[in-house]
Ligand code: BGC
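As a starting point, one isolated chain is supplied in structure tokens, in the form predicted alone.
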Amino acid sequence: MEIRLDGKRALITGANSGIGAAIADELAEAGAKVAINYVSRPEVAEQMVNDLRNKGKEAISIMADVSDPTQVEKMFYELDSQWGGVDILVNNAGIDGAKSDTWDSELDDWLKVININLMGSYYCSRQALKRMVPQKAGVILSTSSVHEIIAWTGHSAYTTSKAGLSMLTKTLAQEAAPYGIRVLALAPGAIKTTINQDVWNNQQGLNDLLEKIPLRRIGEPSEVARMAVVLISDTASYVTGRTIFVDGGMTDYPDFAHGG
């Protein structure tokens, strides 16, 4: 079965690296127009746009810090100007933050993670829904993490932001369902991106990580991106208000494979 998103207008935040870049590529391959949001490295975003245009795809780049509601509002006005609105929002921008036990954490560091990961998703979803509700159509997909349900020592801000994103997803799905809008989250496990390169590029760290994954390998960004396309498409037309895990079985707690 071929999945097509021809003509759909998609905004992907944090789309000039890692999982976000892979999602942008896959959505474009399925026929969607893609807006690549970035906050740094504009040259990478522009190169992505050029590469997609050279393949006959429609793409633009928009700079905005998702933790700033004013910049988010301007980003959506830019979409209105360019494409007349939005059909797909992928809340992908996020950081894991500085590692620290909570009692030793710096308040500004902790809030930065919350403001980008959780508040940024709220700001973008709010603007997207203002446009999707009147047109009675749309899909919002947020990149969560296995750490919305698995604690992670030293990263309480990150786990809190992802757990909050899970409930935001459920609540928005409930609110938006009467208007034909679906809201979902996608939770990757260990994926081979630059954000965790220090782990998978180190044999000891890699071995430890693989022990946590029943499939005994790290996932690729493309594997997450392909699932994103499925969830965004009408193939998943009866799915909303849920987090879908793409984690190689990590949330199956493989340490218990030998028994309790």
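The first residue of the sequence shown is number 1, and the count goes up from there. Nothing here was measured: the structure is a model prediction, and the numbers come from that model.
In what follows, reference is made to the form predicted in complex with the ligand, a form of this protein that is not presented.
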- Taking heavy atoms and a 4.5 Å cut-off, does R131 contact the ligand in the predicted complex? no
- Message: Contact with the ligand in the predicted complex for V146, defined as at least one heavy atom pair within 4.5 Å: yes or no?
- Response: yes
- Message: I'd like to know whether L206 contacts the ligand in the predicted complex, with contact meaning heavy atoms within 4.5 angstroms.
- Response: no
- Taking heavy atoms and a 4.5 Å cut-off, does Y77 contact the ligand in the predicted complex? no
- Which of S61, N196, S222, S233 has a heavy atom within 4.5 Å of the ligand in the predicted complex? N196
- Answer key: of I114, A190, A163, A173, within 4.5 Å of the ligand in the predicted complex (heavy atoms) is A190
- Heavy atom of each of D96, Y158 and M250 within 4.5 Å of the ligand in the predicted complex: yes
- Among 122-130, 182-190, 83-91, 103-111, which stretch has residues with heavy atoms no more than 4.5 Å from the ligand in the predicted complex? 182-190
